[in-house]
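As a starting point, one isolated chain is supplied in structure tokens, in the form predicted alone.
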């Protein structure tokens, strides 16, 4: 049954809220009447009495003497015998429910209160902040993509290169490849209720001494186990937790927004994940220490570490996983070191949704020997396909000054190998003012055209998801948190305008803090992104004609590089020879793991 509602604007300049509420109530079948704004309290009470309303909604911004006036209005309504019949409600700037109660009102609504919340109050029902929208489900980056090539010449060149890579990899092995397979067998033995002791000893023989000793119970420098009481407190706090959902995107389903964590402490990681989720992040990325990529083997045990990331251990990963909300995508990156394949196995077993693998960047900018990372990378892609985990292929070679077309050629080779092995690669171009951009002046006028050119070029080649990041705006940021948040938001809006599938964003202080990343800085960036996406909605950012010209140049460059690689007959050889990035351009073949790849014995 409809209600009779009188709308009382006590502030003639700020009555838009009441008008919006009145319109919403009328649309739902309620009868409303808006009073003029210059009535005295006595006149208002007279109107309420004559209208015989069920609700009186009073709008007023607090100021000098306003509390007394609001209290006087409530007292006069009471004296007139109206209070048993009429619900008195006040709303406006600085209004709080506690203050409204003190002034004699039945309810109070502060600034930014959704209109729907007031309507729900009038209708006597609980307010659903989601407006009846079903709970958010876990999204997919790869759904709907065919992975078909749109450029026949690129497809033909990649076909030959991929066959060479897969054939070569099938005839070699490495300590990393063997550890990944042993880990898989260990998990399988556990599921079948069998012992792991023999496999554990076999695993340890393939590890560096410090790692092997830790597997046997020795301590790890600068690290300690999470105590049972710490874990118990965390589990108690997570038990029965309900999560608020802040809508980050406006008007579009994508891009999904990822933030990375890597505090060194899994307990703190869970806290940072909660902050990110609470402010609308769609996914989180496990950021591991760079030094861990240079060691043979992964530590075992529930460890915390004060370095530049969080250690990859089964226990750490499972602890973080326990703190994730059901709709949140979780990536465990595994892209650049001696434990790439094994990390993919751990990620898959611990329930990760995504991983990260890139042979070219890891061996030209990440410090790992190209031959070693090629062998381990192919095994990692096989494992990712086995677990059904999509993997992104980052192109951070550009951070060294390598031209985008060479970085993209390496990315496409890795992606094509992944497709050949049944995997689901995700293309991840840089979206930032990289060294190549600085050297070539591509962003002298704006930050839009060259970033747009990368996306346009990739779309001309392959029907696959695109996830700019690592993170967007990197090297465009400054130590100023406001600037860093705004820059990230602008890059996010460009990404949304270009229709990409996901973006990675950093905290406002992430690249410059020199210490812990604060939760407040994460919120700064997430709020800035939300505001930017709200500003543009389905409107877009229009690149100039230069974006299309540069996209064509990138495609031509990719074709030229792939021809050179195909002509040489060896992907690994191309990495050493500089075809995918030379020393002069800032790329260098890594040395870690050199000499550890062995041919598989026949039979």
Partner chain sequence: MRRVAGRGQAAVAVGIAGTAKNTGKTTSLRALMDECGRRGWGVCVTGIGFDGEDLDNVTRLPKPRIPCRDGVLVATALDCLGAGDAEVAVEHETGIETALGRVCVGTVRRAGFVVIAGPNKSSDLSRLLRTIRARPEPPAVILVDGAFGRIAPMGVCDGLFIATGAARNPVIGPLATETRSMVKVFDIPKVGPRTGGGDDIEVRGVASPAALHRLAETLGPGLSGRSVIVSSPTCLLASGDPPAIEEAMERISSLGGSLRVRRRPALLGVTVNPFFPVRLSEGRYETGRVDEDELLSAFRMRIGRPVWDVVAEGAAGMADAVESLASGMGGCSLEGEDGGFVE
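Positions refer to the first chain, counted from 1. In this text, the rigid core denotes the largest set of C-alpha atoms whose superposition between the two forms falls within 1.5 Å. This is a predicted model, so every value here is computed, not measured.
Another form exists, predicted in complex with the partner chain; not displayed. Remarks below refer to it.
Note on the partner interface in the model of the complex: the residue among 190, 72, 201, 386 having a heavy atom within 4.5 angstroms of the partner chain is 72.
For the options 426, 248, 329, 107, the residue carrying a heavy atom within 4.5 angstroms of the partner chain in the model of the complex is 107. Residues placing heavy atoms within 4.5 Å of the partner chain in the model of the complex fall in a single listed stretch, namely 81 to 89, out of 81 to 89, 434 to 442, 139 to 147, 363 to 371. By the 4.5 Å heavy atom rule, the three marked residues 2, 18 and 47 all fail to count as contacting the partner chain in the model of the complex.
At the 4.5 Å threshold, heavy atoms of residue 125 stay clear of the partner chain in the model of the complex, well away from it. Using a 4.5 angstroms threshold between heavy atoms, residue 197 stays clear of the partner chain in the model of the complex. Though the partner is left out of this view, residue 253 does not reach within 4.5 Å of the partner chain in the model of the complex, counting heavy atoms only. Though the partner is left out of this view, residue 318 does not reach within 4.5 Å of the partner chain in the model of the complex, counting heavy atoms only.
Residues are counted as partner-facing when one of their heavy atoms sits within 4.5 Å of the partner chain in the model of the complex; in 82 to 115 these are 83, 84, 96, 97, 98, 99, 100, 101, 102, 103, 104, 105, 106, 107, 108, in sequence order. After superposing the rigid core, the C-alpha of residue 103 moves by 2 Å or more between this form and the one not shown.
A movement of the C-alpha atom of residue 44 reaching 2 angstroms or beyond is seen between this form and the one not shown when the two forms are aligned on their rigid core. Relative to the superposed rigid core, residue 91 undergoes a CA displacement of at least 2 Å between this form and the one not shown.
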